[in-house]
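Quick setup: one chain, the form predicted on its own, written in structure tokens, and binding and motion questions come after.
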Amino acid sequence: MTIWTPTLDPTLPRYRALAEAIRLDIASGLLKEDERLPPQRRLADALGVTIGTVTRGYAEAERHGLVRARVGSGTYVNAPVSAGPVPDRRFGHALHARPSFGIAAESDDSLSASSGVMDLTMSLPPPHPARQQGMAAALTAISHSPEALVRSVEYQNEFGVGSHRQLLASWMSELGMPVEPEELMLTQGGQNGITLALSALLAPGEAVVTGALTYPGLIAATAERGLKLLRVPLDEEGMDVEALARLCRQQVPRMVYVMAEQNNPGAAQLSHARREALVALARQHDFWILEDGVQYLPREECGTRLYQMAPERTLYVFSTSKLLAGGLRLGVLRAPVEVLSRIGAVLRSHSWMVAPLLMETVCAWLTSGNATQLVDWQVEEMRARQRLARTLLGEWTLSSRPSSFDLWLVLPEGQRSQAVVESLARRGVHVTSAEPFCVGNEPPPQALRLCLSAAESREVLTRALEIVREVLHAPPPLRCTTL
């Protein structure tokens, strides 16, 4: 018998992706009112996830009124609620249903404001009116510039306008990432930069190595391209390069992906000795290094970047999304000049170019807006939030960088992350377990990632962290699910 088996959005935590798939399939009519959803164990086996993920996904859907649970009977679909257009995944046109509570623009904010939900799952820039003010100033500047208006509506080549690359190179250098304009490819965000690097330099079946816990976007991108993703251990000094060396004696990868300044999750920073060892290993075995710098830290918290140590074999991913606004999907891929044409060909085949209006907006913001002041405020705000978190949760094992968005919390002995995540969700606080970040089939560590930046204020963050503390002091009981 065929059971309902949805396609999960790889950019979301898997439980939220399941809830979002339920919403979309109700909207499209694929799931009917009063239809029973598959038993949790059967759906977990079909999707290749844990039962806990399905349990949490069903609970998330129920919290939003999409389904209802009947004790001893199962989970059943509710009638769709009309509240605006959403895309039909089969036919590409709009249907009417409940707005997305996944990554849609207004959903998380509206939930936080109306239902008391405090969502600490998304690594978003901390809210500030200066973001809207900077956008307004940028758009005003464009509207008053005939040249900018012309550039915004014309086709461009895949490399964009030279003055834009020059301005972004100058800004990155000011932020502690010195680059040359001729090394840069403008991209549609950091994820697009990763995708372009993988597509241009690797063939299906080739191997990419990363840490045992890594960015889920990389996991999704390698799977989609038929690449083999291998893991090496992580510790407090970042990726275990000695383990990588042992792996290279058995199978030389084509690329190593690393977040040198702060691993996501866990916040481990690659030590200088390991950076030197990684560069030496890359030269010995002739593999590429893909260095992800999207999670921005100020220069005083950073080491020497890998692309500065090995410019001939390192690609560097950067994005404005974590600094200016998440919706501004403008990124930069720094690469050796000799491979830029290959990367440009991939970009051209995917989307022809980055939207000129997007590039104009970001560059106008950098020129006429408040970008520098906003970044300075953000660094200080995150340092304050990190201090707050350590004050409230300091009795447990925590990892973070002083101004990073995220906090990694290792659970006390005997506590299980899935149970704690579910208990927190019942009290209105959403956090992420280690499961979405795991590479391979090894069991995830019992730990949580808390995105401190996502809270709309320090007051909201304080309430959320106090609830986390209360749950950790009175953990949910472990349930026996088998005999």
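All residue numbers refer to positions in the sequence shown, first residue = 1. Keep in mind that what you see is a predicted model, and the values were worked out from it rather than measured.
Unshown form predicted together with a small molecule; subsequent notes refer to it.
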* Asked: A267, I194, L347, L227: which sits within 4.5 Å of the small molecule in the predicted bound form by any heavy atom?
  -> I194
* Which of these residues, R231, R313, K322, H285, gets a heavy atom within 4.5 Å of the small molecule in the predicted bound form? -> K322
* Heavy atoms within 4.5 Å of the small molecule in the predicted bound form: which stretch among 170 to 178, 377 to 385, 152 to 160, 292 to 300? -> 292 to 300
* Indicate whether the small molecule has at least one heavy atom within 4.5 Å of a heavy atom of R254 in the predicted bound form. => no
* To do: Mark G190 yes when one of its heavy atoms lies within 4.5 Å of a heavy atom of the small molecule in the predicted bound form, and no otherwise.
  => yes
* To do: Find out whether any non-hydrogen atom of M259 is located within 4.5 angstroms of the small molecule in the predicted bound form, and reply yes or no.
  => yes
* Counting only non-hydrogen atoms and a 4.5 angstroms cut-off, does Y215 reach the small molecule in the predicted bound form? -> yes
